[in-house]
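The chain below stands alone and is given as structure tokens, in the form predicted on its own.
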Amino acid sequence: MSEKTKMVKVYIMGEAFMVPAASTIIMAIEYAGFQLKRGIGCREGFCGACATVYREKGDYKLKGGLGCQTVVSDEMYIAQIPFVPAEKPLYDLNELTPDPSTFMKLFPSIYRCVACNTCTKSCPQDIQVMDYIQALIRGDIKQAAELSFDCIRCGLCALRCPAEIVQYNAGTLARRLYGKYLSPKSPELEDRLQEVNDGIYDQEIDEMMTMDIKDLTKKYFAREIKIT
């Protein structure tokens, strides 16, 4: 490490450590000597595994973020939340209907929403969480599915919600219902899936499975792409 590397003090689970100033929270935790077995996933992607709550010096706010994205600051207090306890109802999608009654039965907690927007403020993906919960309350499953599309289920919204709603589970159901019952169907996709089920491509797939990686790469880039 360069002698000019700037170091800052951070508190990890209450214990002070000196870490490089440019570190992400995950890098800082590992630099401090911790071996991460939980609360870590894709590293610099968006998998939601490294949900973290922290406070910065001089700021009264308790903030949330992804440990792989958030850079440490001097005197930062850090605690990882590798799992947020949340009840997850079991259901068979084939037995559900895409209407408000489904959410009244499986997620009655959404009707406790007080529209405080704390869930949105805590989302590291900048998803309009409160808006998709309000859409579900209105029965607009399509809008809820679209607004929650980028959710990575880190749980920070549910952790901060004063009404104790499990927003991300409700959003997941909205996307499932929309995909199965409400989204426009593609006749071409249905035809192609039927062809796959009929085994039309089995021989070609078997050949590609045994191809050399260079030949497979060449075949991929030489493929015909139809734009309609």
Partner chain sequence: MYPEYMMESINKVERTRPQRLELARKHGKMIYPRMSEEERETVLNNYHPDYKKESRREVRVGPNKGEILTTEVADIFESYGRVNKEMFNFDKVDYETDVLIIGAGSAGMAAALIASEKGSDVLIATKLRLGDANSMMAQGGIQAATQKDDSPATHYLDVIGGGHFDNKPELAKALVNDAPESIKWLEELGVMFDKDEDGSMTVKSGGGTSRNRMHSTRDYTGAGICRVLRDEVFNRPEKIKYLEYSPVVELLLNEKQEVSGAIIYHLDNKQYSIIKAKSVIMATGGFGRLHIRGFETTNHYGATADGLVLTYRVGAKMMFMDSVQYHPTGAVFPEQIVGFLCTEKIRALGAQPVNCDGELFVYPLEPRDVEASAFIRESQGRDLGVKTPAGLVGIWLDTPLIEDILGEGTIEKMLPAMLRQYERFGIDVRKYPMLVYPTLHYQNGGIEINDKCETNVPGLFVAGEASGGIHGRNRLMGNSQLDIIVFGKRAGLQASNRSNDIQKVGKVHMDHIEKYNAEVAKLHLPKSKIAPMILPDYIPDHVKAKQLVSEYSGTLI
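Model, not experiment: these values are computed from the prediction. Numbering follows the first chain given and starts at 1. Throughout, rigid core stands for the largest set of C-alpha atoms superposing within 1.5 Å between the two forms.
If you look for the form predicted together with its partner chain, you will not find it shown, but the lines that follow are about it.
**Student:** Note which of Met27, Val53, Ala163, Leu159 lies within 4.5 Å of its partner chain in the predicted complex, where distance is taken over heavy atoms; exactly one does.
**Tutor:** Going through each option in turn, the one that passes is Met27.
**Student:** Even though the partner isn't displayed, in the predicted complex is Met130 close enough to its partner chain, meaning a heavy atom within 4.5 Å?
**Tutor:** Judged by the heavy-atom cut-off of 4.5 Å, Met130 is well away from its partner chain in the predicted complex.
**Student:** Though only this chain appears here, would Ala16 touch its partner chain in the predicted complex if you measure heavy atom gaps against 4.5 Å?
**Tutor:** Heavy-atom contact with its partner chain at 4.5 Å: absent for Ala16.
**Student:** At the 4.5 Å heavy atom threshold, is Asp150 in contact with its partner chain in the predicted complex?
**Tutor:** Residue-level check for Asp150: yes, a contact with its partner chain.
**Student:** Is Lys219 close enough to its partner chain in the predicted complex to count, meaning some heavy atom within 4.5 Å?
**Tutor:** Yes, Lys219 lies within 4.5 Å of its partner chain in the predicted complex.
**Student:** Can you name the residues of 12-50 that have a non-hydrogen atom within 4.5 angstroms of its partner chain in the predicted complex?
**Tutor:** In sequence order, Ala22, Thr24, Met27, Glu30, Tyr31, Ala32, Gly33, Phe34, Gln35, Leu36, Lys37, Arg38, Ile40, Gly41, Cys42, Arg43, Glu44, Phe46, Cys47, Gly48, Ala49 come within 4.5 Å of the partner.
**Student:** How about Asp59 - superposed on the rigid core, does its CA move between this form and the one not shown by 2 Å or more?
**Tutor:** Comparing the forms between this form and the one not shown, which are aligned on their rigid core, Asp59 does not shift its C-alpha by 2 Å or more.
**Student:** After a rigid core superposition, would you say the CA of Gly179 moves by 2 angstroms or more between this form and the one not shown, or not?
**Tutor:** Moves: no, less than 2 Å.
**Student:** So, does Gln35 move by 2 Å or more at the CA between this form and the one not shown, with the core held fixed?
**Tutor:** Gln35 C-alpha, core-superposed: shift of less than 2 Å.
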